[in-house]
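In structure tokens, the next block holds one chain alone, the form predicted on its own.
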């Protein structure tokens, strides 16, 4: 058997549960679970909710723009958009005058569903930010952005 040379951790840690990546994944999994549960009561998935939020802020986004902004593939976003369109939560033209992008817009029913779901999602975020001192929020957000940028995101 070949001797193993231990790889030093990137920072002092007794085990994997003390690594930054593990803690980020744990927090992300907890957030996703809470959002899945809350959004289920509104008949939405997390990608559907994210799509509705983006379309509320920036009407007319294309499939590709929505996919990039919600961290899913264009193919997955196509499925999300079809489901939202079938539920009459968004509208998209059948064809476009130029290019291939079909701009999506919230319907009135979509705005109503988003407003109801938003309250539940914001309550989850409030629970998260209430778990630490408010004065540290700006630094936390900046640190998370720096980590993403360091990894090319």
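Positions refer to the first chain, counted from 1. Here the structure is a predicted model, which means the values were calculated and not measured.
What comes next is about the form predicted in complex with another copy of the chain, which is not displayed.
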> Though only this chain appears here, would residue 116 touch another copy of the chain in the model of the complex if you measure heavy atom gaps against 4.5 Å?
Replying inline: no
>> in the model of the complex, is there a heavy atom of another copy of the chain that lies within 4.5 Å of any heavy atom of residue 87, even though the partner is absent here?
In response: no
> Is residue 102 one of the residues lying within 4.5 Å of another copy of the chain in the model of the complex, judged by heavy atom distances?
Replying inline: no
> Heavy atom to heavy atom, is residue 41 within 4.5 Å of another copy of the chain in the model of the complex?
Replying inline: no
> Across 121-145, which residues bring a heavy atom to within 4.5 Å of another copy of the chain in the model of the complex?
Replying inline: 122, 124, 125, 126, 127, 128, 129, 131, 132, 133, 134, 136, 137, 139, 140, 141, 142, 143, 144, 145
